[in-house]
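Let's start with one chain on its own, the form predicted on its own, as structure tokens.
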């Protein structure tokens, strides 16, 4: 009798889930135990805990996954919290008198790969235990295969990614890369094993209680991006499948950073990033849906197209696996060393809480705190502002804030984006391209400036300000500040730094770092 312990990590879904499909169809598997493990510290409210939106998104995704497993396969998800290795050892040893196979999909994060290696060594002690890892399905490419190939060179551009894709994928008659079809939801199952002993599990209700105890001020909060495969597939239909013209004309640099005109919370992009990073949606399914749209007529091409954006995503996964110390500013050959200022709590807190005195920056950071999401151009602006633009703080501080708060947070992508936007990576934009935190209608940040509804929504102190002054309210005459009911310096902060002077000084400092 063999029990398959399915460790859900980056594929919180039933569709295109190779480990789940294998367990349901394999003749050697007699029963299944699906599990999810919160890493130690993620939900205890401490310094390493996930932010409200991220933990709530995960709780909703797990609830939806459990519902799908029960409805489609007649099994239920078991949730645990603690050190990965210790929890898994307790689960496996608690399954008495059975052969156990721990099955999971590939993950490139070092801490998880280290846990896997330790578990393989530990499992090797007994013939009754074994592990089975399935190739990357969180990505289009098989990361290990590509990085391990003789001709692999670290990619830094779309040209490099096109070369890698051509080497590892066939191209069909229509000129698209054959990334493979997503697997359907399994139509057969095995019973849930009852052979494991009493390892303390968390119920969904326990998670809900922990979240509300940790974030009591959010008790009435409604998630704008609810977690789960059900929501992911619905958003895929609404934003991609049923919008062929949108998909075919999509150009990432042209999307609006201040979101849709009708709703300051709804992205002008697909808004699917959180569902991809959590694995609620298969990247292969999104690729295929876009391809179906492209077949209907003329369409944009990489790098600006949706296919191009997915290829950039693959680039950061490859780099995160092939660059040592990817998440550090020391010993990282994709990061030039910069003599950033020491950690400045006042600056970091003003930036994180949306209190810098620069409404565009503050609106973006408040949106992040409220919804767990931000448009990519907004991320460009706030990261540039924190680092080489105005505040001269180490990019790792901003990375950590995003890691806690973003619902689409992903170790490979989060670090890659911060390396890029801090200007320290080989693939970064020129260091002298610094975003103006007070954008006008011509800004490459693509900001709606006529009505400025995005600013009025997220920075309500400035709701009555005329658009002429709303991006730099400290320049408004006192009479206008009084009539708007918002005195700058009292009701809304003065700028934390002089943006022009800091930009000038930081350009000199950054140039010196590069030359050194």
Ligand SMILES: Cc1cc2nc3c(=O)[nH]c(=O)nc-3n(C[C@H](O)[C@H](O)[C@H](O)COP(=O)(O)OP(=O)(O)OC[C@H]3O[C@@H](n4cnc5c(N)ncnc54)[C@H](O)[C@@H]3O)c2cc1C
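Positions refer to the first chain, counted from 1. This is a predicted model, so every value here is computed, not measured.
The discussion below concerns the form predicted together with the ligand, not included here.
- Though the ligand is absent from this view, in the model of the complex it lies within 4.5 Å of a heavy atom of just one residue from 425, 368, 272, 141, which is 272.
- Between the ligand and the residues 123, 224, 169, 420, the one pair within 4.5 Å by heavy atoms in the model of the complex involves 420.
- Using a 4.5 angstroms threshold between heavy atoms, residue 252 counts as touching the ligand in the model of the complex.
- Contact annotation for residue 282: none of its heavy atoms lies within 4.5 Å of the ligand in the model of the complex.
- Shown alone here, residue 374 lies within 4.5 Å of the ligand in the model of the complex, counting heavy atoms only.
- Proximity of residue 313 to the ligand in the model of the complex: non-hydrogen atoms within 4.5 Å are present.
- Note on the interface: of 356-364, 105-113, 302-310, 323-331, the segment with non-hydrogen atoms within 4.5 angstroms of the ligand in the model of the complex is 302-310.
- Annotated contacts: 481, 486 and 492 are all free of the ligand in the model of the complex [non-hydrogen atom within 4.5 angstroms].
- Residues of 407-427 that come within 4.5 Å of the ligand in the model of the complex, judged by any heavy atom, are 408, 409, 410, 413, 414, 417, 418, 420, 421 in sequence order.
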